[in-house]
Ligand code: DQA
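The chain below stands alone and is given as structure tokens, in the form predicted alone.
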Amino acid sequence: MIPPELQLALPERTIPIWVQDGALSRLGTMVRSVLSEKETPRITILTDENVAALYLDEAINSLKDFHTRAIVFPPGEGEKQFARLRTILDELISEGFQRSDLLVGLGGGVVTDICGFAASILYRGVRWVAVPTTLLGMSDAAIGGKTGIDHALGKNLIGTFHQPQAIIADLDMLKTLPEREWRSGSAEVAKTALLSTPELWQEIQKISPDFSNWPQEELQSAIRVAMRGKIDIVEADEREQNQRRLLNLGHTFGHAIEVATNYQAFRHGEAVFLGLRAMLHLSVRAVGLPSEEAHAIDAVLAKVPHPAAEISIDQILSALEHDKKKAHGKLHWILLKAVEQPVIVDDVKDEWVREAAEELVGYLKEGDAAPFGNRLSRVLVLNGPNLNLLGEREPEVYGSQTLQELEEKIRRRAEQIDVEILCRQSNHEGELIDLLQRFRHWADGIIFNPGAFTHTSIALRDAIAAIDTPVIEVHLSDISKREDFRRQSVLSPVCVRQISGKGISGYFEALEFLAEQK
């Protein structure tokens, strides 16, 4: 067993934290190490559709020694609400989840928060393991046991403290992060650097505040430094009675932005970057941060792009009224006297807050007004029954290349036209339906070779008709020139196109068609 790289030492117990490449493939072994001898709980994985598309199968395979199932829900901050929590709890209880069983939160900050909260209130507390898949989750959300959901009037207003049994961070997962998710996590690392790790802040100044631009070795070192910085603060103040409140640096204005835009326009970290900039303005007025130092810090933070938004000063101020850090009628502000010199104050003048809000509104107007943070087109290539035997099965009809060779050629073509691609194959109708449903939000389009199900499967036809994702039906052979029973497709009426008889070129044509639609 590989020992954990980090540990969170709390009065009641010590939580192991693994931070390594390929950790997901060893998830079962790591989970086993935090259980008592001979204990084999049933495991339910909570995850969102985007993460499930990439990592759920590997996670379940790694947990093959356990009875494992998954609850998958749509991605996004909008899911961190009572309605989603209720459906998760309903499913857990109806499926017979017991107090001796285990929840695993496989995902970013939203999944981590809602999984931990569900674990904290189900049967008055069940065990859970955090498997963060984003920079934000690894560096911040998974560490410390703060769980919760949002309320219409404020972010994270409803929650508990409930520590996981372990934190397992697979650094390889960061390779699939979209650009905006990189920036979202980068804000939390920058925050920790300003709070307690000035050497990391110096590196950020030298390289970039956006960690997607960092060399691999420096990136992994920075992630571990940021995690260690948060661990130190949580160990000193697990329940946020004093020092841990410092971790809200930049979040007061950041949360106000998220609330004012109904959690739709900004990733959490994008809002925090802007909140940090507004915090600097307030710090100059309220606690004497030197103006030249504030300008120097702001110049670094301002390098991170963000969406434009039309928000009024009054909307910002209204959102601040419901901030969770308010106590005894006063809002507690986390400000900076200098790098590594944060302070908590509650005597900030209203006029200074309004000035900072005015600055913030100006930053928001300066954002990118164009469609923001465009990611690569995402395409699922789905192959049906018997296509796993390509190269062996009737080569005079289907060609001599194997499925693996076909998929590799499709991947290379996808890279040439900047398309992100995933390939899946199944011989089972139900599994193909599950894959169509699972990927319906992740994929911008689906290339589907249904094999023999082309001519018979009403269930697959209904599955395609039920999703909004465009599906292109592809066949290696020309089905119009084959046996009579192969000439009719029950799927083509619900697909956007059918491409038949062009071999692998048909996949390329479908790929290029879908890429042009985005």
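These numbers were taken from a predicted model, which means no experiment stands behind them. Only the largest set of C-alpha atoms that superpose within 1.5 Å between the two forms is called the rigid core. One-based numbering along the sequence shown.
The same protein also has a form predicted in complex with this ligand, omitted here; what follows describes it.
Only one of P385, G76, P198, G288 lies close to this ligand in the predicted bound form, with a heavy atom inside 4.5 Å, and it is P385. Proximity to this ligand in the predicted bound form, defined as a heavy atom within 4.5 Å, singles out one entry of R42, R482, R32, R26, which is R482.
Taking non-hydrogen atoms only, K365 never approaches this ligand to within 4.5 angstroms in the predicted bound form. At the 4.5 Å threshold, heavy atoms of W442 stay clear of this ligand in the predicted bound form, well away from it. This ligand in the predicted bound form is approached by L476, whose closest heavy atom lies within 4.5 angstroms of it. In the predicted bound form, at least one heavy atom of N449 sits within 4.5 Å of a heavy atom of this ligand. Highlighted residues K80, R84 and W128: none comes within 4.5 Å of this ligand in the predicted bound form, counting any heavy atom. Comment: 385-393 is the region of 252-260, 113-121, 385-393, 182-190 lying near this ligand in the predicted bound form, near meaning a non-hydrogen atom within 4.5 Å. Scanning 339-357 for heavy atoms within 4.5 Å of this ligand in the predicted bound form gives no residues at all. The rigid-core alignment places the CA of P385 2 Å or more apart between this form and the one not shown. Taking the rigid core as fixed, one finds a CA shift for L54 smaller than 2 Å between this form and the one not shown. Once you line up the core between this form and the one not shown, the Cα of Q20 stays within less than 2 Å of where it was.
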